[in-house]
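Okay, so here's just one chain, in structure tokens, the form predicted alone.
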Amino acid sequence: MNVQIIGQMAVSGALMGLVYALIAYGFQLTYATSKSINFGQGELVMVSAFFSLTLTNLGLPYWAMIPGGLLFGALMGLIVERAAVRLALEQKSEGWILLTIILGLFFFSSAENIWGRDDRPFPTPISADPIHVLGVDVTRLELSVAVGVIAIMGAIELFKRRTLLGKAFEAVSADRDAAELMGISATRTVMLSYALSGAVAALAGILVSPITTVGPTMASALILKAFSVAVVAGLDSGFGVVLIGMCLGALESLASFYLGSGWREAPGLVLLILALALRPNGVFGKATIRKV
């Protein structure tokens, strides 16, 4: 019985951890091309979820709402790049850190004024009935998270390897200066990375909202956990975030069950501290070689 309970908690937590992995993947996309990340990524998740909920309330079918939400997220990512990142990168400063935080606060305040402070349910046609597999109950909603995460990450990786724009993305990621000498626009590639990161954030909001709720504070916990996953896995680890995200989700679920809900956040913080102390480049990250 104890083994069954442990398995149930671990599987449910691991599937939830895929949402952390997806948001962390958004960090990876922008870091690859610009060595910058959006510290307001959590607010993009939240605002995109509210926008998608609005589309649903206006009568748009669920499956038609998803591309609308992704396009909105991509647009918000472009706004972040233009308003908070581009000038700082041109000046070779770290001002993007503060600017993305400020823009995130602006999105949070805007969401409260437009949609209010109350949490709202997110309707979905996907059934919440459990499926019994190998002694573990998994809901179709949880499985939809796994399918959505793997699908969009796989599609983006395929895009990066099979298209000209994707190869430009990879070239700028490898060596920005060399890519520009070859005629590749680094600025447009950074714009592309922020658009993709915004779309990823939007899908994370659409996937997690039916399981939780939609509210202005929904991303406050998600963003810290996603950042922990990104750092522990490594900001250039690719699909490594999936494994770390699932492990973190499982550990959180088990800690909450056996130690109490107050300990739910502990595994993420412990992993983050250990990673910074022992593996600054991440478990799957590449060692940085600097010329002297």
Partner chain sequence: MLHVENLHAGYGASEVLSGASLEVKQGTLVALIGANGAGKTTTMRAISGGLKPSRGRVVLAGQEVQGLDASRIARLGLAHAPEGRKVFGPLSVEDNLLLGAYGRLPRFFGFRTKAQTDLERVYDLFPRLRDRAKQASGTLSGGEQQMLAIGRALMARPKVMLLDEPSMGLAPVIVQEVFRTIRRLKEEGLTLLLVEQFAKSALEVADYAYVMERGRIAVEGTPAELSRNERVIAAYLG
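If you're wondering where the values come from, they're calculated on a predicted model, not measured in any experiment. Residue numbers count along the first chain shown, from 1.
The same protein has a further form, the form predicted in complex with the partner chain, not shown here; the description that follows concerns it.
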Only one of 140-148, 71-79, 172-180, 199-207 gets a heavy atom within 4.5 Å of the partner chain in the predicted bound form; which is it? 172-180
Consider the chain as shown here, without its partner, and state which of Leu165, Ile114, Ile126, Ala155 has a heavy atom within 4.5 Å of the partner chain in the predicted bound form. Leu165
Is Ile184 close to the partner chain in the predicted bound form, meaning a heavy atom pair under 4.5 Å apart or at it? yes
